[in-house]
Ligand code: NDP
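Shown here is one chain on its own, the form predicted on its own, set out as structure tokens.
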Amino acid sequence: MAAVELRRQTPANAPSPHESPAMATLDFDTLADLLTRIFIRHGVAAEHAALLGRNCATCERDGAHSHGVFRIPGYVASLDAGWIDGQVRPVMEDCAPSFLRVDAANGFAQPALAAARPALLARVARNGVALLAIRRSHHFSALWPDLEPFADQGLVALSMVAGIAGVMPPGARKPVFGTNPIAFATPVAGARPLVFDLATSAMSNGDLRIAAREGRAIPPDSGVDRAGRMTTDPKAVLDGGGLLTFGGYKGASIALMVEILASALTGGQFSAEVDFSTHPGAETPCTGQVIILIDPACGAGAAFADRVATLIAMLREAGQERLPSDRRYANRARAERDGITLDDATHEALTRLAS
């Protein structure tokens, strides 16, 4: 089927000052239901579609627009190309007291995590630490929605996922790494969990693609063109160039760690091994994801969350105005109060994909 472009109202494509943009306002459940119907319409099992629909709606609600409805055409293209099996059931593999493996069998990572959650929580309760290794999985969303529920239950959580080769290691002639995000979540006494989710590249691929679509320059030192020259043109980066890692060699070392833990350890593909050339239009990576859970009661005991709160208070007292997840929670509260807004063109495109 033809690709459907989803556009967000931004200064680059905004109407003149004398016009009011046509916007649709949806509550969270309505948006999640719409996205769920899209996944079902394009071949995903109903229970898995509900997980994916709520995942994307969560990102949109919380202001992570590069991982919200923006991702839907890529999901649909991968499903329609036969690159992903939307009906497959993940296969659980019990391999050690604190180590659980799941073969996603070329399905989505979120259903694999959902299937493993009860056993994973039982292991961390019994052993104080547990690791989940997911392989042959497609993860096209943000990582923080995977981890925040664990922190809500009082656990410390860490996750990494490999992607599609589009990031140049320092001195390399071609991309080897994916954007290779890493996420962390911890409970905080008297507050919502502290959760961060960041790419090990200078910027995320989603933000790069949005900049290209809207005709905006990207920050200097974010990427190179196909000749290896520094560029602020996102289209040049996408057209045979590559993003750079943040912090040069330091970021590249972290990206390397992600490849090792999310792919080598899990049995998944490295970012540079992902090849969907036989599935035109597909966009999602089929690699691996690792999730590590820690019960802090085994360390600092009941004082752990209080200690984290003390550290956060120190940071704020020192002048750090915004901490990871502050903006996300503010966006969430605003969306829960006022609804989630999409421009009419995007809402209509989503409705067409669902019908």
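The first residue of the sequence shown is number 1, and the count goes up from there. Quick caveat, the model's predicted, so the values are computed rather than measured.
We do not show the form predicted together with the named molecule, though everything after this point is about it.
Among heavy atoms of residue 139, some come within 4.5 Å of the named molecule in the predicted complex. Taking the partner from elsewhere, residue 310 is found to have every heavy atom lying beyond 4.5 Å of the named molecule in the predicted complex. In the predicted complex, the named molecule lies within 4.5 Å of some heavy atom of residue 143.
Looking at residue 161, you'd find a heavy atom of it within 4.5 angstroms of the named molecule in the predicted complex. Proximity to the named molecule in the predicted complex holds for all of 179, 196 and 324, with the criterion being a heavy atom within 4.5 Å. Of the candidates 204, 186, 269, 222, 204 is the one whose heavy atoms come within 4.5 Å of the named molecule in the predicted complex; the others do not. With the named molecule omitted here, the record of contacts in the predicted complex names 314-322 of 24-32, 294-302, 40-48, 314-322, defined by a heavy atom within 4.5 Å. With contact defined as any non-hydrogen atom lying within 4.5 angstroms of the named molecule in the predicted complex, the contacting residues in 60-95 are 66, 67, given in sequence order.
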